[in-house]
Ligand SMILES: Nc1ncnc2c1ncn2[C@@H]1O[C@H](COP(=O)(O)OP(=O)(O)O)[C@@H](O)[C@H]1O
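As a starting point, one isolated chain is supplied in structure tokens, in the form predicted alone.
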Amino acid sequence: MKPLLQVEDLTIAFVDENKQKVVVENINFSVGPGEILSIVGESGCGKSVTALSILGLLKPNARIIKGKILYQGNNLLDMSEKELDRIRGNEVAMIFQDVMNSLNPVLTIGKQLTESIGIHLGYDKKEANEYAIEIIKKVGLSDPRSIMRKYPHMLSGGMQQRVMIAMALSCNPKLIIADEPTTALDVTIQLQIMKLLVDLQKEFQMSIILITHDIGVVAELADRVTIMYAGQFMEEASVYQLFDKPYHPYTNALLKSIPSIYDDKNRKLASIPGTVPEDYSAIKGCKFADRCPYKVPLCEEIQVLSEMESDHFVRCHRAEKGELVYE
């Protein structure tokens, strides 16, 4: 089966005062029809930049140095703004990270929903209103007619996020990009939103790219997981392979940092020392080496993404040589 979306050798840089800083380097991934792919990594690793590049929403100082973004075989990077507008929202929709700044504060929820429905689906005002009400019901909000008349500030954070999901669903997209969809929500609401996304994905048979810094939330949601660090993909595997047998030290560290109901009561959660480097484009070897407890001189060499077993890839020379054993 052909992938719905395929990203090939994508490299993105920020240009400032004639200086070029690479923030995403030679990444490759694909998303199949009806598949949930999760991209996991700490803040500052390039996850959101990758997501925004798919729909051509990068900041003016960002440059795509090389690569292809193929949607149903067509390179989005070769399309004009007018051509992209026919895909944005209609074929590929996005749930943005900061919901409070993503909804227009001076327009009612109904106006924001019906505008895109009218543009992409060609509905008149009455049809668009009735359709918007049905979509609001789908995302679990009661009294949808009242919601339509309200402004964003009149809704709670969880309700605003459900509205954002309704907007993303409104034109029946084939792919949804969810960039940290539970940011700033409390734990109970996070779980509700994630469950809602999965239920809707099954109902509408959509593909989802789920971007998160929390590897714990993907365990029961994703089909495949890609671990991203400092602009590179460090490991990629099915969710079962990754949790059962992580190869990269960064993946292992992320897994050790999350609690489990099966943990011994005396288990202490691990932390990863240090932070993501600000300018990781200057690092030639393993970009995680300075924070890695398994660092050796070999780590100063350029690391490549290699297949360890069927569809399980890792970027680590020591892992390739079988030198790493985790408790």
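The first residue of the shown sequence is 1; numbering continues from there. Quantities reported herein were computed from a predicted structural model and do not represent experimental measurements.
If you look for the form predicted in complex with the named molecule, you will not find it shown, but the lines that follow are about it.
Tell me, please, which stretch of 298-306, 64-72, 284-292, 37-45 lies within 4.5 angstroms of the named molecule in the model of the complex when heavy atoms are compared?
Within 4.5 Å of the partner lies stretch 37-45.
Please check if residue 312 has a heavy atom lying within 4.5 Å of any heavy atom of the named molecule in the model of the complex.
Answer no; every heavy atom of residue 312 is more than 4.5 Å from the named molecule in the model of the complex.
Using a 4.5 Å heavy atom cut-off, state whether residue 9 contacts the named molecule in the model of the complex.
Answer no; every heavy atom of residue 9 is more than 4.5 Å from the named molecule in the model of the complex.
Residue-level contact is defined here as any heavy atom of the residue lying within 4.5 Å of the named molecule in the model of the complex; does residue 21 satisfy this criterion?
Residue 21: yes, in contact with the named molecule in the model of the complex.
Examine residue 49 and determine whether its closest non-hydrogen atom to the named molecule in the model of the complex is within 4.5 angstroms.
Yes, residue 49 is a contact residue.
In the model of the complex, residues of 145-167 near the named molecule [heavy atom within 4.5 Å]
Going through 145-167 in order - heavy atoms within 4.5 Å of the named molecule in the model of the complex - there are no hits.
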